[in-house]
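Heads up, the chain below is alone and in the form predicted alone; it's given as C-alpha cells.
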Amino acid sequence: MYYIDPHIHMISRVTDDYHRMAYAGCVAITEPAFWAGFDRGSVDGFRDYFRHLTEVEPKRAAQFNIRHYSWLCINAKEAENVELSRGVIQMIPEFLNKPNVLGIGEIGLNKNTKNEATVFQEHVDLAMKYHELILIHTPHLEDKYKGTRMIIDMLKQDRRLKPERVLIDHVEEHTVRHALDNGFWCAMTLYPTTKCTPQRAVDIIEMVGTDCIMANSAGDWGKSDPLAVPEMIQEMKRRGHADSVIRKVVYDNPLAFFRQCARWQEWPAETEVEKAKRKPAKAHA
C-alpha cells in the first residue's frame, strides 16, 4: 500500500532510511523546519538550513522515487529569541517560491511562553500575507492540552485564516477532538515510547473516525522510527480495517490537504494493474 509521511525530519536520517521507506510504499514526504539539537545563532545559519531543505533533501529522496516537500519557520524551541526569530521570518520569503515548499511550519508552542506566542502569531501573519498552508507543532514537554487551546484560540482570532488550510500535529486522545471540532486538520505523531504509539493512533482513529486525520513518523534526532506509518498500517490490518479505510488515513487525507498548495505535484503512484484492482468488477449478464 502506498503512503505519504506528512511529517518526518529526513535531515536527521541516513540515506538507508529513504531506501527502507521506499520499499515500504512511501511515495512522498513533507519535512518541516525544526530544532537542530542546539539553538542556532544567526539568520544565515537558518538560510543554510533552508537551502538544505529545498535543494539537498529533494535530491536524496529522488534517488528512491520519493517526492520531498518542506515547510519553513523558526521552531518553537528557538522562539524565545524574538530578535533572531524576526530576522528568520523576514528572510523566509526568499524561499517561498521554491518548488518543494508547502508553507509555514512547524510553528507553535514549546513551553507556552509569551515570546513563543508572539513569534507564533508573526509566523501566522507571514502565512496569511503569502497565502501559505500552516503546519502546527503542539507542545510535548509542558501542558499539551493548555498549549493546544492557546494555539487554537490565537488562530481563531485571525479572521483571515481558514481552518481547513491548517494542520495541527502531535494530537493525542485529549486534544484531537478540539482540533477537529474547530475545523482543522490534525495529525498523530508516532513514536516508539513517547508521544503516540501506532496502537494508540489506531485507538484514536476508532474513537474519532477517519475524516481530516493523518499519521506521521516525525523521525527526528531522538529515538524514533521512520517506518512508524507502515507499523500503524499493519496494526489497522490486524484489527480488521478495510484497505480503503487505511488508505484514506495514510494516503488520501494527506493528498487532500496538500493539494491546497499550488506547488504540490502529483505523481503516477499506481500502475494500471493496481488501478484495475481497485475498480469494482462488472456484473455478468
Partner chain sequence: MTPLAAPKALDSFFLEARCKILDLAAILDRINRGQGAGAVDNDPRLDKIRKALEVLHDQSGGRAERIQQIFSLDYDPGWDKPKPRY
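Positions refer to the first chain, counted from 1. Owing to the predicted nature of the structure, the values given are computational and were not obtained by experimental measurement.
Quick note: we don't show the form predicted in complex with its partner chain, though the next part is all about it.
Residue contact with its partner chain in the model of the complex: Thr210 places a heavy atom within 4.5 Å of it. In the model of the complex, its partner chain lies farther than 4.5 Å from every heavy atom of Lys162. When its partner chain is considered in the model of the complex, Met236 lines it closely, a heavy atom lying within 4.5 Å. Its partner chain in the model of the complex is not approached by Phe95, whose heavy atoms all lie more than 4.5 angstroms from it. Against its partner chain in the model of the complex, the set His131, Ala187 and Glu231 makes no contact: no member has a heavy atom within 4.5 Å. Screening Ala117, Val101, Leu84, Leu180 for any heavy atom within 4.5 Å of its partner chain in the model of the complex leaves a single hit, Ala117.
Stretch-level contact analysis of 49-57, 222-230, 25-33, 238-246 against its partner chain in the model of the complex, using heavy atoms and a 4.5 Å limit, identifies 238-246. Residues of 198-213 lying near its partner chain in the model of the complex, listed in sequence order, are Gln199, Arg200, Ile205, Glu206, Thr210, the criterion being any heavy atom within 4.5 Å.
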